[in-house]
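Next come structure tokens for two forms of one protein chain, structure 1 first, structure 2 second.
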Structure 1
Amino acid sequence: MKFYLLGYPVGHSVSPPMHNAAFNELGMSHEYSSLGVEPSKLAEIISTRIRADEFGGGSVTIPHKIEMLRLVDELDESAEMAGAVNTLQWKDGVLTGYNTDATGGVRALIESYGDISQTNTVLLGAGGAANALAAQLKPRVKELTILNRTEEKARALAERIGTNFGSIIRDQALIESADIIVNATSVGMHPNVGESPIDKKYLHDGQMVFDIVYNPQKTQIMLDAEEAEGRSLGGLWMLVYQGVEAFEIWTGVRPSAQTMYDAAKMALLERH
């Protein structure tokens, strides 16, 4: 069957090598490829290439994640919670939209950190990615605090999911008592390498920093955490686990996260 990444532009996405590596390893003769679709053509492509016998499922990326909400037949709760679709399943003539970004991110964190249920977790950011992650993190940790540059957005997010909030400018000291710090801001992302949303003096040993950014693979906040003898987890693992969960939806089979990670990392290296 065929699987597509729908985006525009799709460029050199790491998703095709990542999924094809898992298909190959499991001896599945499926094929995953990128399909650049201009926004004005999305509805047409959905009714021709996607609602087709040979189509198994796909991934959705920028700029189609929100538009896809109204183009599917059914929305899984994960897509409703995130307010966006990143995974499609075509089965028995029904097109279903899921979202595995935040669930995959939290799964990556748990795989690396272990049990997060007793942790005090601080989430940096209050944008789209932070909103989706907050909803998944809140029921799984002991305490979740939102810090954001713009206080009103942190307050709105904290109120929506019923958790604590602070302002990243004034309350950075809250970082000191955190077990896990999740960076869901774009600070430190290429080309602003070298920037961190927090002052490194608040980081210390025993903490884990999880940055959802994967370019660069080690952001400044991750380097700062390691310098302070804490641990760090990069966004490539979030990308991998959103793919692992999509793969499970499509095939019912659990792929090797390590195989997908290795393929994604190799593709990123080749890209530069």
Structure 2
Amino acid sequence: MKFYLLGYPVGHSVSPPMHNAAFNELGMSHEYSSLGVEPSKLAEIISTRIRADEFGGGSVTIPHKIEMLRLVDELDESAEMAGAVNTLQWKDGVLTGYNTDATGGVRALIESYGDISQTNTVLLGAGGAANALAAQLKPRVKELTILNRTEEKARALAERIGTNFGSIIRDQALIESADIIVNATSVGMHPNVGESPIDKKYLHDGQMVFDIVYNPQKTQIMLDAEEAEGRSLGGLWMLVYQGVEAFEIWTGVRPSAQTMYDAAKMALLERH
């Protein structure tokens, strides 16, 4: 069976070697590959390449996660709660959308930070991944604030889950009081590796910055956090954990997270 990563662009992704390593280890003759799809062509690709006998499932990344909500036949509760789709399953003529971003991201964060129940957390972004993470973080943290470049999107997300919001441009000072800062924007992603969504003067010791970007493995916002004597966590384990969940949805088998992590890390190293 064929499995695809749908996004635009997708050349930077290490999802193919990550999933193919798991398929190989488990003796499954499936193939996972990247499929770059411009936004204007997404509906056409879904109707031709995705709704096909040889398609088993796939992943959805920037910028298609929210648009995919209207292109699937059914939405799993995870996608409904997240307001975004990052995983597709094609089974018995039905295309179902799931979201594993949030469970993967929260698992990675808790394993690194520990108990997050008493934290003041600031989430940067209001796109597909941010929607998913916000829905999972809201009931788990003491206070959640969403900052986004477009304040209307931050407001819409905040109102949906019942939390605070502001402008990433105007309200960055709120970051000073945060225990955890989660960057769910694409700012700092390869090739724009020197960019950060926030001014580093608001970062200080005792904080953790979790950037869901994994290429580069240390983004500018992470480097700024470490310079301020805070902690940082990159997005590679989030990628792995959401991938483990997706793999199990497709196959019914839970793969080795360590195998997937090793393959993803090796792919990143080979590119630099």
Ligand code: ATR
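Every residue number counts along structure 1's sequence, beginning with 1. Since the structure is predicted, the reported quantities are computational estimates derived from the model, not experimental observations.
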Where's the form predicted in complex with the named molecule, in 1 or in 2? 1
Among Val182, Val37, Ala102, Leu147, which sits at the hinge where the C-alphas switch from fitting one rigid part better to fitting the other, between structures 1 and 2? Ala102
Rounded to the whole degree, the smaller rigid unit turns between structures 1 and 2 by 29
